[in-house]
Structures are given as structure tokens and as C-alpha cells.
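Let us start with two forms of the same protein chain, each given on its own as C-alpha cells and named structure 1 and structure 2.
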Structure 1
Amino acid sequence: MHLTIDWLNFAPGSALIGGLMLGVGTSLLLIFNGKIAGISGIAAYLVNPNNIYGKEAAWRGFFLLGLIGAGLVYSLFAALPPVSISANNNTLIMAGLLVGFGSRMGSGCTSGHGICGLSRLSLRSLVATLSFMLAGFAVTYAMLHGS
């Protein structure tokens, strides 16, 4: 498995703008809706067939559409960075399922714990964020250097 990033063309300006947009978006959601912008929780709610209608489902659906749409809008103004993933489909599916399982087991994902929880000084989110970051580092190291 190998992920390639074009470091020669890395522009920290777009990363800064993206970070500011995340901060503003998560803050607005908390201030005006009283909700934490944890993507796994937002998506999990919509997967349940009993939750596909109503005001709660609407904001969650629009939130997810905004995440997808942001990349499309960005591509209108700048070229998307080239990304090369050499993992096969089975590996990608397994990775996605494991991330989803871990998010549910940890009561949140990187956005819920890493962005929203840490900004609220949550000890639980600090432990969760350290845990998934360390696990990610360990698995990446094992995958790249194990064989």
C-alpha cells in the first residue's frame, strides 16, 4: 500500500483556508444547532432507515453534501492535487470498515474527537485522538516496513 503526496507543489495557504473553514463550520454548527460536527455520527444517523425524514435528517444530509461539494467547488478554482493509491479494492473496503467500526467503538471519529472534542478540552477526546493517531502510525509503519 502506498500513498503519494506531491510535496513539491504543496501550498500551505489552501491547508490554512481549509482549517479555518473547518473551525468556522464546526463552531457555527455548535452555536446555532447545538450539535457536534462528528462525521461518523452524522452519517450513522442517516444510515438508519427510521431517520431518513425530518429536520434532523435534512441538516445532516446537507452537511454531508457540503463536504462533498466543497471539493467540487474547489476544483472550479484550482487544480486538485494528484493522488495515487496503490491499494487494491479489498484493502480499501477493509480499511473503510475498520475505520467505521473503530469510530463507533470509540464513540466518535477524527472530526468529532480531534476537532470538536479537543477544542472543548475534552479529556476523553484527547485519549481517543492519541489512540487513533498512535494506532494509525503503528499500522502504517507495519504495512510499509513489515515485508
Structure 2
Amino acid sequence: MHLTIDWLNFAPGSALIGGLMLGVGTSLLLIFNGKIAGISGIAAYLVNPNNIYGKEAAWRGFFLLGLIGAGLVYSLFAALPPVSISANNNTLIMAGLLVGFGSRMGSGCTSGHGICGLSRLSLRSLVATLSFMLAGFAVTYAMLHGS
């Protein structure tokens, strides 16, 4: 296969710095709270109305509050980078349903498997990461190059 690199949009420096920050956030939650920074698991826990009270809900709430507030904090220091969403509303709904259902069925997403799981050398997370990457490559190919 022939790879063509998109040099114009290739930004390894900011990607690496942002990645290190993901590592710092993950490590803080782990070392001080003993919890895995798996965003799908954290969000899904709070979707169940039976779960929204108590200590188990509180740490997830504080973590999500920080996560959701990141845009506001970032915008105090610099202009937010562009967000270009090419999907229409129906595609967004389909994508959201798949991401929500699939991440629960597969016990994790890009953060829980891709960062936490791989960091602890979990075979399950390696298989999950390879699976979602493979599906991502295939669906992108079908969308952009399938006739």
C-alpha cells in the first residue's frame, strides 16, 4: 500500500504535547483517586438514573465537569482551534448510537482502551484498540473512496 502524508495538517508537536497532557490527567485520576480515565465508562455510569447519587457518582461528576469546562478555560488564554464537523445530523445520530452502544459492549473507548489499557499492557485493550482502528479505517475508506 502506498501512503501519502498530509504534511499540511501534520502537527506532531501539538499532538505530542496534547497527548502528554492526556497522560497527566489520566495519571492524576489514577494516583490520587485510584480510578481509570475511561470516558465512556464514566459517562455511561451517570446515564443510569439509579447511579446519580453518592460517592461513586461524585468523582465521575467532578471529572466530567473539568472535561466539559476545558473549552471555556482554554478560551480564556487562546482562541479555540477550529472544529469542522462534516457529518450531517442523521449521521451524527447514527455515529453517536454506534459509539455509545459499541463502547459499552466493548468495555471502553479510545481513552479507556487506547490510553489506559495500552499503558498497562492489557491484551484485551490491545485487541479492542486494533478492532476499533480497523473498523475506523474501513468505514473511512467506504465513506471517502467507496463508489
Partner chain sequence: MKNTITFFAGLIFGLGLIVSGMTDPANIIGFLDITGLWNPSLAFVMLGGIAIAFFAFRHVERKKLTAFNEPVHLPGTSQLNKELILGSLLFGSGWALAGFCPGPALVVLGTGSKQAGIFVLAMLVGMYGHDIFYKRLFNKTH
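Please read these numbers as outputs of a predicted model, since none were measured by experiment. By rigid core we mean the largest C-alpha set that fits within 1.5 Å across both forms. One-based numbering along structure 1's sequence throughout.
Of the two forms shown, structure 1 is the one predicted alone. If you fit the rigid core between structure 1 and structure 2, you'll see the Cα of A135 move by less than 2 angstroms. Superposition of the core reveals a Cα shift of 2 Å or more for L16 between structure 1 and structure 2.
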